[in-house]
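Take a look at this single chain, the form predicted alone, given in structure tokens.
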Amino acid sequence: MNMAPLVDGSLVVLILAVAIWTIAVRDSFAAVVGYAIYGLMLALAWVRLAAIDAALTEAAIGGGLTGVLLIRAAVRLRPTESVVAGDSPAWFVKALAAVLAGAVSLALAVVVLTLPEPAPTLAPQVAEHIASTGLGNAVTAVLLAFRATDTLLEAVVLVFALIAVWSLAPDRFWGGRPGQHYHLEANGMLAYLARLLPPLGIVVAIYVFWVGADLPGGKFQAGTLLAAMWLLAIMAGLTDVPEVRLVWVRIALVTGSAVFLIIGFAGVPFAGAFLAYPEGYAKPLILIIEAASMLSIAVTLALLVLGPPERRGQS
């Protein structure tokens, strides 16, 4: 008996049920938990679609760091939640939101169901030219070779997002330390995990980065793992957040984009186009970009989760 249809059908039902519950629940913390579960189930859906790279990213971001970020927001808003708990949008606002959501869902369904057979794809062109990159992972080849400009802009957007978060800091704390100071409980479980997991997490992150050239993985998934390990050590009180005014923090944030741009502009004289790679050098140059980007992604994501500066440098 083929169990795949039953598994896929059950997964779809669970995803829809959790999505509806997350929208309908009134408690913000419960909604955040539902959102994190929703992200993890979407990762399972990507696995069922054989999109392992997307599944790793969804699990790390949708069910991981984004969940932590929203939990921090929910905790900070908890004192004001009781004030607005009795407020409810008017019925016509709810109806309008439902109609708009239904219209978007219907439009997406129409687009997907009316695609021509076979669906338009650039996969043959990628398969034809992927050997020139020296990469075995088609996703990495597409992101760093065939649509490298988009990937570069995504890296820049992350830095701008962090700048936007920092702009929320009061003037007296600008350049200080983000988030609260966590006190160390030497014999606590969190401190134990913070000593045990980071070495393992760093090794796994390096492995995920390295195999990303030929197998599912890459800089984003590895950078997210590094950010999570750093956040664990901070929340356990083993280390404190650096001041955002420090030069090394600023350098780490822009290293990925800077290396990307330098190699991109070097492609003009050496390969005839911006973000083109000289023949035979594509893979090492891509690995250099990935390594620099991994560092920047790790620092940026961790600082995004920690929020704007809230303490003076010495506190």
Partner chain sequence: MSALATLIPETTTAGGFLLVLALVLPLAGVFAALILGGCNARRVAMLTIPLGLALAVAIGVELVQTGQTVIYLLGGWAPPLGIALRADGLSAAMLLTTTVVLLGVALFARDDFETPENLREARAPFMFWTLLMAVWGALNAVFLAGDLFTLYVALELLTFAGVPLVSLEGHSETLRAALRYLLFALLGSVLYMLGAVLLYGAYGTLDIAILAERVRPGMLCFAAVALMTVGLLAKTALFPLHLWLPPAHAGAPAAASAVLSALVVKGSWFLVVRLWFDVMPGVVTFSAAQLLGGLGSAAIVVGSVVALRQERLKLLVAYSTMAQIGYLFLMFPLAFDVSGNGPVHGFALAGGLLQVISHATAKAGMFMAAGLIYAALGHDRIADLAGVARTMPITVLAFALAGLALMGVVPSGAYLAKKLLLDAADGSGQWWWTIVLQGGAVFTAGYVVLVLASVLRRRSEPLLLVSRVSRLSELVALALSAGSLLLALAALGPVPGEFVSSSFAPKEMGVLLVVFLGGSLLASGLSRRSLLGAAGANAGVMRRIAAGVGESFELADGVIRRWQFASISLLMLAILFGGALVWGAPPS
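C-alpha atoms forming the largest set that superposes within 1.5 Å between two forms make up the rigid core. Residue numbers count along the first chain shown, from 1. The model shown is predicted, which means the values in this text are computed figures rather than measured ones.
Although it is not shown, the form predicted together with its partner chain is what the next lines describe.
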I'd like to check something about T239: if you look in the model of the complex, is any of its heavy atoms closer than or equal to 4.5 Å to a heavy atom of its partner chain? no
field: 4.5 Å heavy atom contact, L135 and its partner chain in the model of the complex
entry: no
Q. A205: heavy atom within 4.5 Å of its partner chain in the model of the complex?
A. no
Contact with its partner chain in the model of the complex for I288, defined as at least one heavy atom pair within 4.5 Å: yes or no? no
Within 107-128, the residues having any heavy atom within 4.5 Å of its partner chain in the model of the complex are L108, V110, V111, L115, P116, P120, L122, Q125, V126
Large Cα shift (2 Å or above) at T239 between the shown form and the other one, core-fitted: no
Worksheet item: Honestly, after the rigid core fit, is S105 moving at least 2 Å at Cα between the shown form and the other one?
Response: yes
